[in-house]
Ligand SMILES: Cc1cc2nc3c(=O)[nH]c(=O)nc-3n(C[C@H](O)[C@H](O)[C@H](O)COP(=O)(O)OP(=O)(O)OC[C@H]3O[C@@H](n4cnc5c(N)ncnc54)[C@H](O)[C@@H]3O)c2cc1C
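Encoded as C-alpha cells, the following chain is the form predicted on its own, with no partner shown.
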Amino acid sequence: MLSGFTVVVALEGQWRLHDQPVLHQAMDLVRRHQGGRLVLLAARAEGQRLKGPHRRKLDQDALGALHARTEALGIPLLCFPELPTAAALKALEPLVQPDAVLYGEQSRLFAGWPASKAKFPRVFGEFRRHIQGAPEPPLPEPEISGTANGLEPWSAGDLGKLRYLSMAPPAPVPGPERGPNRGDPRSAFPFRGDEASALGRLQHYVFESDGLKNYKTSRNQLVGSEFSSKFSPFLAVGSLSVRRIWHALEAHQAIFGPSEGCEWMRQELLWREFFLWSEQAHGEAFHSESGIQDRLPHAIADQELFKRWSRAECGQERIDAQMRELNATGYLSNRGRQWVASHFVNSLQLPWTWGARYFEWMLIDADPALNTGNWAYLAGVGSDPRSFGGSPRRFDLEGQAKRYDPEESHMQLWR
C-alpha cells in the first residue's frame, strides 16, 4: 500500500494535461505535504452512457498517449474502463487509500452559470444576449513531475491486478498518421484523438491555414477534412479544452484582426455551451420525448423502418449516403446531420429519440447534451424558436443538395 499523503484524481473522461483545473487543485494539495503523491484514475464517469466502436477507438488514442506522458513523469495512471469511478476507487482500496479524491469536469467556457439558472433561456438568441461575464482563460499544464516518488511501492503483480496501463496503445507517431478511421480513406476525420493531435489541429486550423478565415462560407460543405475545424471529436474525448480554442480565436484576432470566420466559430462554441447548460437547467425533460416544450410529437414506432434507416437502406439516396458515411467512419458533417435528422422526423416519422440514441452510439464526437439538443431542435420539441407553437423545421432536401452539394460529390463518394 502507498504510504504518505496521496491524492487521486479521477479524470472523468478528460484525457489531457492542458487546461485541467483539477490537476492544479491536486498539485496544490500535494505540495502542502512533503513527499505527497499524485495518482491518476481513468474510469467510467458516473452516469456515462455506453460508447460505440468509433468513439472507443478515439478514446483509446487519447488515453494511450496520456499514459505515455504520465509514465515518463513517473505518475501512475490506473485504468478501469468497465467500472464507474466509485467502483474503481473501491477496487483500489487494498493498495491505495487516498487522503483526497478530486474529480475532473467537462471542459466549458464558463465555470459557473453564464445566464440565470432560475430563468435559463430556452432559445439560443436569448441565451447569448443574457450571458454574464467572459469565458474563463485556459490554464497551462501543471508541473506534475516529481510527485509520484517512483512506482516502486507497487509490485508488477499489484499493477496487473489494478489493470495498470502498462499495455496501453503506443503514443501517436508525429506526422500525418491517420487516426481511428485510417481504414477508410474517405473519412472526413483522418486524425488521431490524442492531446498532441488536438493541439496540432488547433494550431493548423487557426494559424497555419485559411480554415478559420473561410469558416463561415465553408462550414456547410460535406466532403473532406478542411471544410470545418474538426474540433468536436477532440472536445468529446477530452483531449482538447474549449477554453483553449476560445483563447486561440482571441489570439488570431489580435494578429489578423476581426473576421467573420472567427465570429462564426465563437458562435458555434457558444451553441455548445448553451446545450450543456440547458441540459443541466431542464433535467430529465431535456432528454424526454416531449422535450423542454412538453409536447409529444407525432411518430410511428416502426422498428423495421428504423433498421433499414440504420443500415442505409431507407430508399432516399442522399440520406443513405450520409448513413453509409456515419456507419463507416463515425463522422458526419453538420449539414449532413441536419438532413438526416429532418428526414428521420418529417419523412420517415420515426421517434426522434431513436435517431438521437443511434447518433450518440455511432458518432465519434457525440455528447449527450449536444446530440439531444440538436435532435430535439429539429424534432420541434427543443430550442428552435420557430417550433414554439408551430411545426418542426423541415429541410427541402433537393434544394439543400443543389445549394450545398451541386455536383453531388458526397453522394458519389458514398455510393
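Don't overthink the numbering: it's just position in the shown sequence, from 1. Keep in mind that what you see is a predicted model, and the values were worked out from it rather than measured.
The discussion below concerns the form predicted in complex with the named molecule, not included here.
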Kindly confirm or deny that Glu195, Gln203 and Ser241 each have some heavy atom within 4.5 angstroms of the named molecule in the model of the complex.
no
Residue (of Ser259, Gln293, Ser333, Ser107) lying close to the named molecule in the model of the complex, criterion heavy atoms within 4.5 Å
Ser333
Candidate from Ala248, Ala328, Cys314, Leu235 lying within 4.5 Å of the named molecule in the model of the complex - any heavy atom:
Leu235
Counting only non-hydrogen atoms, choose the one of 70-78, 132-140, 227-235, 94-102 that falls within 4.5 Å of the named molecule in the model of the complex.
227-235
Would you please decide whether Leu378 lies within 4.5 angstroms of the named molecule in the model of the complex, comparing each non-hydrogen atom pair?
yes
is_contact(Asp320, the named molecule) in the model of the complex, heavy atom dist at most 4.5 Å:
no
Residue-level question: is Glu268 within 4.5 Å of the named molecule in the model of the complex, judged on heavy atoms?
yes
So in the model of the complex, does any heavy atom of Leu40 sit within 4.5 Å of the named molecule?
no
Can you name the residues of 57-78 that have a heavy atom within 4.5 Å of the named molecule in the model of the complex?
none
